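Next up: just one chain, as structure tokens, the form predicted alone.
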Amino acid sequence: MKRMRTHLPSRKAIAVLTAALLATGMAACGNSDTGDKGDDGKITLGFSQVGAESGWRTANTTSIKEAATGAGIDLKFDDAQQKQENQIKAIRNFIQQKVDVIAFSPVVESGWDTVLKEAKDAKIPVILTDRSVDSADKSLYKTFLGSDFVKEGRLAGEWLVEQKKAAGGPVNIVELQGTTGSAPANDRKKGFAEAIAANPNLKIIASQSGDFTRAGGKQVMEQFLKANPKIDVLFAHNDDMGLGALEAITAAGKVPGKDITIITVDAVKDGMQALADGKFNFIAECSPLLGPQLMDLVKKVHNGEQVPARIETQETTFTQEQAKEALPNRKY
């Protein structure tokens, strides 16, 4: 009797069948309505940072990166090196990469409408962090997360008004502004000017941008000192410019904190140390630790939840004694 031969599929046929089944399964997964990009199910966030111009910015970047890791969010990070054109390019790259959410800290306030419309057309929600834009169309972004810069300037001015209320003559103030056209520079200047208007003896005799950097603060303060023999007060829009100005003041033979009252904004660790050491006189806080709040917002807007149009960070002010108390536990 002849034995029947069983026709088993070849190894090649099995491989083809397996590949087809896998492809079908993968296609089904790809049609998931979760909205997340990538096979790992993570939300992808494209973030464009201003740069690394100050201690505040470095702490802000660290907070964002650590918070993204902790929240399980895939972060695509870009450093714009303080150039708007770099940020616009980065945002367009994020759109091409089809990230889930875009967030950025604008270098300046103006000139964003075109690229923000491109993101809106691509159905990618945008979150502004730290700095705002002046776009009339508020639908171009979901929310702003950051500080009230006008309030920071006002708090600095109100403290000075209180300190100089007994002054019988002119009080000459020089101002180190932040990056020209940026929201914090515009708003801190506005708030400070509004507050010191309460005392007509308080006069700003010189105001110039130090670009939020120590080097810029030192260079501009040197110019101020040469051009103005009597300077009573320095208002610096951030700690780093104030720290640079310290070098120029000391080199000019003056005692910072005594011969010249120094008021700054931020309250980063180096600034707080200068305040505790008596070299600064007052700091209005601007917290850089926005990472956890940002990641919470990223998840909400990605899920289509409604969020407030503006979310402000909780901040305070510091005198010299308060700085001494706070320094041991300072995170940045």
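Numbers follow the displayed sequence, beginning with 1. The model shown is predicted, which means the values in this text are computed figures rather than measured ones.
This next part talks about the form predicted together with alpha-L-arabinofuranose (AHR), which is not shown.
For the three marked residues, Gly153, Phe192 and Thr264, no heavy atom of any sits within 4.5 Å of alpha-L-arabinofuranose (AHR) in the predicted complex. This chain is drawn without alpha-L-arabinofuranose (AHR); in the predicted complex, the residue among Phe94, Phe104, Phe149, Phe235 with a heavy atom within 4.5 Å of it is Phe149. Looking at 165-173, 113-121, 217-225, 182-190, the stretch with residues near alpha-L-arabinofuranose (AHR) in the predicted complex, meaning non-hydrogen atoms within 4.5 angstroms, turns out to be 182-190.
Using a 4.5 angstroms threshold between heavy atoms, Arg57 counts as touching alpha-L-arabinofuranose (AHR) in the predicted complex. The closest non-hydrogen atom of Lys142 lies beyond 4.5 Å of alpha-L-arabinofuranose (AHR) in the predicted complex. For the stretch 199-222, the set of residues having any non-hydrogen atom within 4.5 angstroms of alpha-L-arabinofuranose (AHR) in the predicted complex comprises only Phe212.
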